[in-house]
Structure formats: C-alpha cells, structure tokens
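This document opens with one chain alone, in structure tokens, the form predicted alone.
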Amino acid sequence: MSALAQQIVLGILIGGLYGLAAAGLSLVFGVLKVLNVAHGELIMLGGYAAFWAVALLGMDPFGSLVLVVPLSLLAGVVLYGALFGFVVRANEETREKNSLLIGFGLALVLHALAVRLWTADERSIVTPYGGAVITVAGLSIPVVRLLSLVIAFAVIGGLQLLLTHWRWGKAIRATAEDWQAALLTGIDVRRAYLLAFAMGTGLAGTAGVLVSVGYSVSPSIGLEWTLKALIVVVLAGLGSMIGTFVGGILLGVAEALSAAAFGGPYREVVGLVIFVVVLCARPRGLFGR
C-alpha cells in the first residue's frame, strides 16, 4: 500500500506539469480555434531559456521565471503577428487545417534550430536543493517537484482569476463563446485573439522552466509534450482552466499506476488508451462546457 501511495504522489507531481502544459494549448484552441502543434517546441524553448539563465546569469531556476515568462509572451506576440494572425481571418474549419500546417512547419523549424544551436544532447539544471526530499507519513516528496506543482497551481489559479474578473479576460471568454456576437458588442476580437495566443505561449514558457528544473530538456521533447497536452485537452475538455489542471493530474496518476502495475514502458500506452476512450465516450471531455 505504501508503494502504491508513493506512485500516486509521484503521479500527482508530474500531472501538475501536464495540466500546466495543456492549459496554454487549451486556451489557444478554445479561443482562436487554432491547433498549435508546435506547442511542445515552445515548452522546449522555455526549458532552454531557463537552462541558459541559470548557466550564464547564475539565476535560481525558479527565479528565471521572471525572465522567461516575459520573453515567452513577447514570442507569442511575434508568432501571432507573423504566422497565426493570418490564419484566424479564415472560417473555423479552414483555421484548423491551416493551423496544423503552420504548426507542423514551425515545430520542424524550432526543432532543427535547437539542434543547430545547442546540439541534441540532454541538459538539466543542477541546484543545491535538487536532491532534497520531504518525508510525510512515510512518503517521499521531492522538493523541486513539489515547488513545481505549487507554482503550476498558482499560475493556473491566477489565469482563471484573470479570465473571470479582468476586463480583457471577459472579452477573451466572450470571443471564445461566439466571436461574431462579441464583435457586435464592441469587443476588439483581433486583440482578444492576440492576448489569448500570447498568454498560451507564456504558459508554455512557464511549463518549460518547470520541466527543465525537475527533468531534462533536449530538442526532442517537443513532440512528447505536445502529445501529452493534446491528451489532457481531450480528457478535460475546453472551458475550464482548473478542469484542465485536474485532467493533467488524472493523467499523471493513471500513468504512474500503470507503470507500477505493468512496468515503465507501458505508462505511455495508458495515455493513448485514455485519449481514445474519452474521445469516443465523451467528446466534450470530463470538464468541457
């Protein structure tokens, strides 16, 4: 029972990162109806930005968020203006098709650029407290992953508050529900799209920082994290950032339990099984609205 409880704890810790990684993809797709399959590459770039902030500037990896998040937001503005801003001018069906093409092209470019600049080697951040562990009721909780979970939850909670109470947050929600009605009420839909895309990129950068602290970063992790985010989005559904975060935790726990029951190589399979089952049984997702 203690081994089972330990696996559940580890699943919750990694699931928080899944939820944060999926939140940006969910926000962009829910508002713009654009599926950015280069989302994992943006997470990868956030991880590299944190790594170099620590290596070159001597910053604390969690403190590097104050540098990485603004850069990620700026990157979102640039990508929207250069690429995705043209996609949203089409109807919703055409948006999804064109965004897939642009996203795949962008993912290939970013992957090749990362290999060219930093090679294909894995890099990880070493901290003085990297091996610290808290023991609670016989369960070992890594301090770094616990801090990552707390930060992820705080970011998701802050985003939910922004979307609920901020003036432009309400505009983004209205645009996501019906952009034509939002336009008739005087909302600048293009600005709402830009803000949503920039926020989604900022969430990807934040997730990249937390991934680089608890795990390793390399150019190849982009596809893996894109798939994880897609599974969580299908599992949780659109319409709730908190629901997306909970969906990520559910996926993390399911993977951890499957690894304990069937072995590590099968943990990836359970995510795909959940993806297919939820897609067939409840296309809206568990928390979709």
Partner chain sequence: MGVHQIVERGLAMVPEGRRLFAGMTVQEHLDLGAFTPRARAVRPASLARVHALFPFLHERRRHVVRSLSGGQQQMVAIGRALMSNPRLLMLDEPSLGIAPRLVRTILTALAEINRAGVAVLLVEQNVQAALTLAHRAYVLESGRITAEGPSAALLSDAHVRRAYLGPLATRA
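Computed from a prediction, not measured in an experiment: that's the story for all the values here. Positions refer to the first chain, counted from 1.
Unshown form predicted together with the partner chain; subsequent notes refer to it.
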- Task: Select from the listed residues Leu79, Val88, Leu146, Ile187 the one whose heavy atoms reach within 4.5 Å of the partner chain in the model of the complex.
- Result: Ile187
- Query: Pick from Leu139, Ala181, Leu74, Ala154: which residue has any heavy atom within 4.5 angstroms of the partner chain in the model of the complex?
  - Reply: Ala181
- Item | Contact flag, Leu162 vs the partner chain in the model of the complex, heavy atom cut 4.5 Å | no
- Item | in the model of the complex, Glu122 touching the partner chain (heavy atom, 4.5 Å) | no
- Item | in the model of the complex, Tyr215 touching the partner chain (heavy atom, 4.5 Å) | no
- If you check in the model of the complex, is Leu194 within 4.5 Å of the partner chain, heavy atoms only? no
- Query: Which one of these stretches, 204 to 212, 164 to 172, 122 to 130, 146 to 154, sits within 4.5 Å of the partner chain in the model of the complex when only heavy atoms are counted?
  - Reply: 164 to 172
